[in-house]
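Single chain ahead, by itself, as structure tokens, in the form predicted alone.
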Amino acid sequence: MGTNSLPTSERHAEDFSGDELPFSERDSAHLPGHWLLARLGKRVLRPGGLELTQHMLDHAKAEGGDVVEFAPGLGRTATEILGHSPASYIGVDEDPKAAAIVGQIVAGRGHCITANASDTGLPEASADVVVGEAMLTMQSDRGRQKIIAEAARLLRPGGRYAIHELGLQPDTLDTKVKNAIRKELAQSIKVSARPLTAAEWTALLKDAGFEVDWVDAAPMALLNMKRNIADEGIIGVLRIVKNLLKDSQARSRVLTMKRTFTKYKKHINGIAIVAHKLG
């Protein structure tokens, strides 16, 4: 019996409670923004939304291939990847709680290890597809270069690297505006954030030995009602609203994040890129 016919876990991202999540010991005022939203019940935490992730995975062509996902978080994208019937799936997350969550979600079809995306310990040339979402944005220049290099090391020649990150637009955006956006994002989400323009993301991949095959973008509407209904469904949105009403610190944080996203909505987006390894 092939791996794709094995039963999957009955647990899904929305099934996990707040005390099972990474950073669950922190109060809402100090949680990194993505884990704050996860505690509130949000399960799609990608800047361009679920639809952009789905388009990215269509172009990544994971069917029948060996897939590695960096920083899978709560496993929402892992579920989408498994829907493409890969031969194997390995998640890599440095947080043991996140790795355990993803491990339960992909049980029977794959597993998740606790390791850093810049040094996974996985064999060289062992993957056909590497996926990473909403994680390079949070790295220093050196940090993301190391992660991209690790993706290149893991991929076989011709293998695809698929990323979904926070972007800046247009490519000619003034440096002062870029720095202001990065500073205010970091203050609101409590994590260093260094989004790049499409040209800058593309250049990073080319410098690491990739050829870009596909690029797409979507509005950065992470906290907009229409996007949340599309990503989470009505029941999911009601869950988030209920939790917000119970937590004044969380409400304050979310409103601050929303003001920042709204202020710079013309200049920030979600960007997805699929590139293949040369050689």
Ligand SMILES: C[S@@+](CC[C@H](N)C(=O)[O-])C[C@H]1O[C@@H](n2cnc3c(N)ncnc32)[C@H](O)[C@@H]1O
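One rule holds for the numbers: they count along the sequence shown, beginning at 1. Not measured: the values here are computed from a predicted model.
The next section is about a form of this same protein that is not shown, the form predicted in complex with the ligand.
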| property | result |
| --- | --- |
| The ligand contact at Ala115 in the model of the complex, heavy atom, 4.5 Å | yes |
| Any non-hydrogen atom of Trp35 within 4.5 angstroms of the ligand in the model of the complex | yes |
| 4.5 Å heavy atom contact, Gln139 to the ligand in the model of the complex | yes |
| Touches the ligand in the model of the complex: Glu94 (any heavy atom, 4.5 Å) | yes |
| Option from 81-89, 195-203, 128-136, 179-187 whose residues, in the model of the complex, bring a heavy atom within 4.5 Å of the ligand | 128-136 |
| The ligand: the contacting residue among Leu154, Val106, Leu168, Ile147 in the model of the complex [heavy atom, 4.5 Å] | Ile147 |
| Contacting member of Leu45, Ala221, Val254, Leu40, with respect to the ligand in the model of the complex [4.5 Å, heavy atom] | Leu45 |
| In the model of the complex: members of 71-89 within 4.5 Å of the ligand, any heavy atom | Ala71, Pro72, Gly73 |
